[in-house]
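First, one chain by itself: the form predicted on its own, in structure tokens.
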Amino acid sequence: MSLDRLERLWRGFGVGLFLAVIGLGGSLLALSVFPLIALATRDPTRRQRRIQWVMHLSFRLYCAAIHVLRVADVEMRGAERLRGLAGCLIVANHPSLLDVVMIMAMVPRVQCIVKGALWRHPFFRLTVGGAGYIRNDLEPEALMRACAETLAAGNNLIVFPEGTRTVPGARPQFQRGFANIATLAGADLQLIFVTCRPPILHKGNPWWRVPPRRTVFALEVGERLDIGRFLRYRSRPLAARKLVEFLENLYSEKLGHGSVGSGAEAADHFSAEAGRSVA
């Protein structure tokens, strides 16, 4: 058997192993570390931050292991821009199942929206509840309010505007929910651009089907977008629509799908248009 074949088999095994580690590791933390933190920390806010910090360190170790064991390469660019990040909506495209893990490895203080079923899981409910994650089965108004409240409290919140994993090669199509949250909360947006080449763990592809060569996950921290640019429009629904349009163009340009102009040019265009709308 050739070395290339053996290497591909190892990567297939490694992908399955690391997917299993997420569930097993989460269960072990929920049964050991998190109950100790809950017992030792009475203040809910401090308890939440300590659990988030443990998860951040765990995911950093997880990403390092993926890289060291040559299952995939992981590159994080501009992570220093995330120091001191607070009260921001972290916006990222979503090419793979592991995006959220890698983003949480970059940001110490972060929350996300998770499946409501995890709140009923005997092991994971302490994790998602203790870390302050938001369940996705809330009523729309309650979900929006919960997101706005956590941002106002200084927490960062990860969102994937596409709502599902990206089809490789497809132009990003953003839903408006994230923009409604940003305009309601008045929260700035921290942009992260994710590439996964060649694709792995993407939509419609089973985990055991690995590409011929090792995948490179590259996460690039982009600009921090001032929501004030868009709040100058006459109405919040219009501001949300313009924000979606702006970011779709920006992500399309950055990820190589073509665009109506550069990010800076688009920002100037929208700022000028907002001024005309208010006038």
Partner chain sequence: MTRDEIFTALSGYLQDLFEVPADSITPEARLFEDLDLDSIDAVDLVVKLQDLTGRKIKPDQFKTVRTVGDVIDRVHDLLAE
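Positions refer to the first chain, counted from 1. Just so it is clear, the model here is predicted, and its values are computed rather than measured.
This protein has a second form, the form predicted together with its partner chain, left out of what is shown; the following refers to that one.
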| message | Contact with its partner chain in the model of the complex for residue 138, defined as at least one heavy atom pair within 4.5 Å: yes or no? | response | no
| Is there a heavy atom of residue 238 no more than 4.5 Å from a heavy atom of its partner chain in the model of the complex? | yes
| query | Taking 4.5 angstroms as the cut-off for heavy atoms, does residue 111 touch its partner chain in the model of the complex? | reply | no
| task | Using a 4.5 Å heavy atom cut-off, state whether residue 242 contacts its partner chain in the model of the complex. | result | yes
| field | 33, 47 and 131 all contacting its partner chain in the model of the complex, non-hydrogen atom within 4.5 Å | value | no
| query | Which of 76, 184, 126, 100 has a heavy atom within 4.5 Å of its partner chain in the model of the complex? | reply | 184
| The single option of 176, 209, 120, 115 touching its partner chain in the model of the complex, heavy atom within 4.5 Å | 176
| query | Okay, which stretch from 91-99, 176-184, 78-86, 195-203 lines its partner chain in the model of the complex, with non-hydrogen atoms inside 4.5 Å? | reply | 176-184
